[in-house]
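Quick setup: the structure tokens below cover two forms of a single protein chain, split into structure 1 and structure 2.
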Structure 1
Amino acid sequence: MNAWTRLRAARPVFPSLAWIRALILPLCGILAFLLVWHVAAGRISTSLGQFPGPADTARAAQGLYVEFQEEREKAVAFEARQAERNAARLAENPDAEVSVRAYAGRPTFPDQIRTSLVTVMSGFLLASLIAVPFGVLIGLSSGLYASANPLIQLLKPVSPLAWLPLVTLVVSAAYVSDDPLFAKSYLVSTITVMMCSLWPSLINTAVGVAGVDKDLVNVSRVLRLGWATHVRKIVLPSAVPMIFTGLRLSLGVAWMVLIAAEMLSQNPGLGKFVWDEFQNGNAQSLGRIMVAVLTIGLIGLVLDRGMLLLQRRLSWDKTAITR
């Protein structure tokens, strides 16, 4: 056996097989999906025309981008005209009252994405601010846990659509202001998102806090740590991985709930976009809805990855990362 054959034998035939698997297999999956989508779309006709295939959806995305560009040009032009007009009036009379107004065009697709992100983040943060401290409390006290548990189990499966009418009415009644800081639709969707995304964080925090390793509790007992120190030094750090898992689930729920909440509360985000396209449907509507669907999926994915990165940065337990 010469040197060359020995070298060949020592090295695997495909040295970068793992790398190819990581790249090629997902691409195969996506291609297969596009093919199935394309074929299936060609066979579905609706009252608004053919169901959009991948190509139609790409065209719709392009259309949305063009609209965004046009709207931005209009806004720039409006601001230029306004500045010019005000300058002219000031030149004529230095004491003149000039008003600067924001351009009030219709919201473009990126605007709607931004609104959705702001709403989901406020709902999620609000939910976390309530769920984590409360979860710690009921995790620490088995009595409190026993009294809260039936309520949690009862409220957890409630759909956002059931909460929405109640939240809408309460917000309308309670939030009366001549110069509102927040739009009502924003509040309604934020609160609905909060109500629905509370539960995973709450339950995971409680379970994490209650499930502290018995040996670590014994360490704390031998050291005679005070209650506050015990909670701060032993219980909370040990619950951190579970809390993060809960937060990640909550964010996923929040994003799902948001779209439904926006549809019905008319909060100007992605949900409303889908609803509007559905209501005043024309030939392009289905394609545009399809773009929104993919965008919603993509943002959900990015949010989840973001939480995962945050967890990896902040949590001590680098092994408890699930897929």
Structure 2
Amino acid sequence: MNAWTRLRAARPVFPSLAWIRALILPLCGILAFLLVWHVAAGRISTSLGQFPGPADTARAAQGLYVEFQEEREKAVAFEARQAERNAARLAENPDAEVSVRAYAGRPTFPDQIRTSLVTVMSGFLLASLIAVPFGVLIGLSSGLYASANPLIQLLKPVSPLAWLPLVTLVVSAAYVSDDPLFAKSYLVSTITVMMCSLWPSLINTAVGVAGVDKDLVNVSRVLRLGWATHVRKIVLPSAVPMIFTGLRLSLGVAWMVLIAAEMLSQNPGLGKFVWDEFQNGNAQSLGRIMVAVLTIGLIGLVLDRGMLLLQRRLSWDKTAITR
């Protein structure tokens, strides 16, 4: 090895390429998207007016934030008046019964986001509680897998738009209460999300369990591990990467299904927000809808990255975060 070769081998790699890949290239992609969006928006006219570009969407987002601030100020003022009124009643009569009511103002855009997140996580968790255990069972039994596979392939492609009327009728008939714990629209959206999002987790769990290394299975037999111990010590650790892949796909499906479910079931959330703005049909509706579209995409990205971080923490496959 000559001196020049030794010098090149000892010199640290210049980090410019890493910076380009991690920061510059994504920034260029975003700027190109904004440019194309700006040019295309200027050439599109709709029945509601000009299609909103980046600047119009930013102004719409600012307007939604102002509405949120105004509603929050109204809520604070309402609670202050209520507390003052109740204090005056108790001062006159310490035994008087006072009522505390929640502020009943219209939901703001952040309220819609929070409702959508609660609904999608409810449906996703229910789907996971069904899909992962059942996926383990059918992955361990070839006979059960052969029995369940036709049903899985039959129900997996069904659209949420097809499930929604059936779920609505069943919930309306079965969930009858004078003091319901949950709103029917919330249950309809949650169950629809669950029924459409459980299949990726179910299939990936079954494939991961069925693909456990035969040497590990033989070790389990030699040690005469019980069924529960075999699943806990051998099967689940080996199948964790595939299980998390299914959970990640299921969460993405759940988030997409939720928007359609909220639109049709009229459950408060981002889907209903988009539908209401479309029905309003005023000059600001397009900009507000674009804000909702970008918010939906951003939340979907955050949910996906969050699932990858969770996989990185719990799985032995530490390279999953780079995929």
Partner chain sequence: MLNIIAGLLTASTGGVILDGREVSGPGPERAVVFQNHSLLPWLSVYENVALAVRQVFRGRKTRAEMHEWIEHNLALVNMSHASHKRPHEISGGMKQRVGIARALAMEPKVMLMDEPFGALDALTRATLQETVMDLHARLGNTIVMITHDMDEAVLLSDRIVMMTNGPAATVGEILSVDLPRPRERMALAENPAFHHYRAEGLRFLYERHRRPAAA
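Definition used throughout: the rigid core is the maximal C-alpha set that superposes within 1.5 Å between two forms. For clarity, every value in this text was computed on a predicted model and none was experimentally measured. Throughout, residue numbering runs from 1 along the sequence of structure 1.
As for origin, structure 1 is the form predicted together with its partner chain and structure 2 is not. Once the cores line up, the CA of S147 ends up less than 2 angstroms apart between structures 1 and 2. Remark: with the core as the superposition reference, the CA shift of S159 between structures 1 and 2 stays below 2 Å. Put the two forms on the same core and the Cα of V76 is off by less than 2 Å between structures 1 and 2.
Once the core is aligned between structures 1 and 2, the alpha carbon position of V219 differs by 2.4 Å; this is the C-alpha shift at that site.
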